[in-house]
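One chain follows as structure tokens, the form predicted alone.
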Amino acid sequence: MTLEQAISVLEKAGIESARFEAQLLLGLAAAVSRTQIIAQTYPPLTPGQTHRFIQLVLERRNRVPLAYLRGTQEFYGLTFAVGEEVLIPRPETELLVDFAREKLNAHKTPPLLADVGTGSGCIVISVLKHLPTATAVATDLSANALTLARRNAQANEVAHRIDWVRTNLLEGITSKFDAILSNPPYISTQEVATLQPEVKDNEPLLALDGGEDGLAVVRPLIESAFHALKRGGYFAMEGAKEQAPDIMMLFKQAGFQEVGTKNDLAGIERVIFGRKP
């Protein structure tokens, strides 16, 4: 299969950036950079590399996410290993890292934070890279996700500052935190079925499906976060478009004060936060 043939295959499959992705896949198969692919300065592919290239193109044609094929995803300037056991980190989730840094940077004592539903570990690891005195507890229901998150923490040299706990939300956790962060499943079951094939057919449903109204996990999460915070501590979570008013109401009902939101680059109220009085 030539590069031009691969581009054609991806275009017919509805891949918008077919040329860009075909170049990346060829570079992945040949173990060279995309720059070398564009400049045609790479050696001829071996039979094994050709076979690998065809495999990658066919998987992408079947809408396997590019990040899963590459095995990595960039997030907050760091590189994270990803696989089908975890949600692919997304740019809007970086707002949670910004929020934690803003609230904890000038903390008088070494802060303790929790990352609920840690997945790849991208949130907690990114925060700890920028807060060298902080420590954390990261929870997830998936043992496979926790295994991958540990690998990412080791690769980014913060593993010694994170305790990993396999549990639902914060169940069984007795620590009190200065901040709690979470990117929970918040998409309604009905909406999940309308998502792109890359998402609905590949990413873990456990990390996506938030029940009938998208708030089935959010409700108990907000309650448990309030009880697990120290006085003056903050809870911040990611939510979907148009969910902010409902989630803010849940924050207030749980007892949070200074409830507010932060917008992503598309102007969506993406992060909802509150402070425990």
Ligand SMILES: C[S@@+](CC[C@H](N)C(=O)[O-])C[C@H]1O[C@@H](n2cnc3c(N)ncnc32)[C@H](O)[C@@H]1O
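The first residue of the sequence shown is number 1, and the count goes up from there. Keep in mind that this is a model prediction, so the values were computed, not measured.
Separately, the form predicted together with the named molecule exists; it is not shown, and the next lines address it.
**Student:** Is it the case that L148, even though its partner is missing from this view, gets within 4.5 Å of the named molecule in the model of the complex, heavy atoms only?
**Tutor:** No, L148 stays farther than 4.5 Å from the named molecule in the model of the complex.
**Student:** Just to confirm, P184 within 4.5 Å of the named molecule in the model of the complex by heavy atoms?
**Tutor:** Yes, contact at 4.5 Å.
**Student:** With the partner left out of view, is S142 within 4.5 angstroms of the named molecule in the model of the complex by any non-hydrogen atom?
**Tutor:** Close contact exists here: in the model of the complex, S142 approaches the named molecule to within 4.5 Å, heavy atoms only.
**Student:** With the partner left out here, check for me: in the model of the complex, does some heavy atom of N168 sit within 4.5 Å of the named molecule?
**Tutor:** Taking the distances in the model of the complex, the answer for N168 is yes, it comes within 4.5 Å of the named molecule.
**Student:** Just one of 151-159, 190-198, 119-127, 103-111 has heavy atoms within 4.5 Å of the named molecule in the model of the complex; which?
**Tutor:** Of the options given, it is 119-127.
**Student:** Of the residues T93, Q73, T135, N202, which one places a heavy atom within 4.5 Å of the named molecule in the model of the complex?
**Tutor:** Looking at T93, Q73, T135, N202 one by one, just T93 meets the 4.5 Å heavy-atom criterion.
**Student:** May I ask you to choose, among A207, L131, I180, V97, the residue with a heavy atom within 4.5 Å of the named molecule in the model of the complex?
**Tutor:** Of A207, L131, I180, V97, the residue with a heavy atom within 4.5 Å of the named molecule in the model of the complex is A207.
**Student:** Quick one: which residues from 80-94 get a non-hydrogen atom within 4.5 Å of the named molecule in the model of the complex?
**Tutor:** If the 4.5 Å heavy-atom criterion is applied to the named molecule in the model of the complex, 80-94 yields L87, P89, T93.
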